[in-house]
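Single chain ahead, written as C-alpha cells, the form predicted on its own.
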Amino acid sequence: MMPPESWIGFFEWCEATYLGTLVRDSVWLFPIIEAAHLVALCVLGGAILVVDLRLLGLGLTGQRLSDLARHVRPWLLGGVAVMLSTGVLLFLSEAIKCFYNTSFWVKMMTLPAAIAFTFAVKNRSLDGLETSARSRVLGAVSIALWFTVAAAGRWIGYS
C-alpha cells in the first residue's frame, strides 16, 4: 500500500514548510495540536456514533433519525473541521515519517470514503427512514469506515 517513490519529494517539501518546521521544532505545539485532534475525534466520533447506533436500532429509538442527525450536525461539522485542520498540521510536522507509514496510507484511503459516505450517502438517506435492514447497513458501514479511520490514525503514532 505504499505510494510511488516519486512522491517523496512532495512529502519532503511538506515537512520543510514553515508550519511543518514550526510544529516539529516546538516543545509544546505538537502535543497541543495532537490533543485538539483527539478531542475533535471524540466530538466527531460521538456525533457519528449517536446517529449510527440509532440506525442500528440500539439507542434513542424514540427520536426520528432526521431530527437526531440535524441536532448532531454542528458537532459533526465542527469535529471534521478541527480534525482536518489539526491533521494537516500534524502531517506537515512529520510528512516523511507518514510517507513510509502503512497506517497513514490506510487512514488517507479510508478518510475520504468515510466523509463521502457520511455526507453523500448516509445523511441524504435519513429523511423518512426508520430502523430497517437498510438503516442497519448504513449504520454498520459508517461505524466500520470511521473506526478504520480512527484506529489507523492512532496507529500512526505507534508504527
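All figures in this text were calculated on a predicted structure; none of them were measured in a lab. Start at 1 and count along the sequence shown; that's the residue number.
Below, we refer to the form predicted in complex with a small molecule, which is not included among the displayed structures.
Although the partner is absent from this view, Phe99 stays clear of the small molecule in the predicted bound form, with no non-hydrogen atom inside 4.5 angstroms. In the predicted bound form, none of the heavy atoms of Pro3 sits within 4.5 Å of a heavy atom of the small molecule. The small molecule in the predicted bound form is not approached by Val121, whose heavy atoms all lie more than 4.5 angstroms from it.
The small molecule is not drawn, but in the predicted bound form it has no heavy atom within 4.5 Å of Phe11.
Heavy atoms within 4.5 Å of the small molecule in the predicted bound form belong, among the stretches 48-56, 129-137, 102-110, 64-72, to residues of 102-110.
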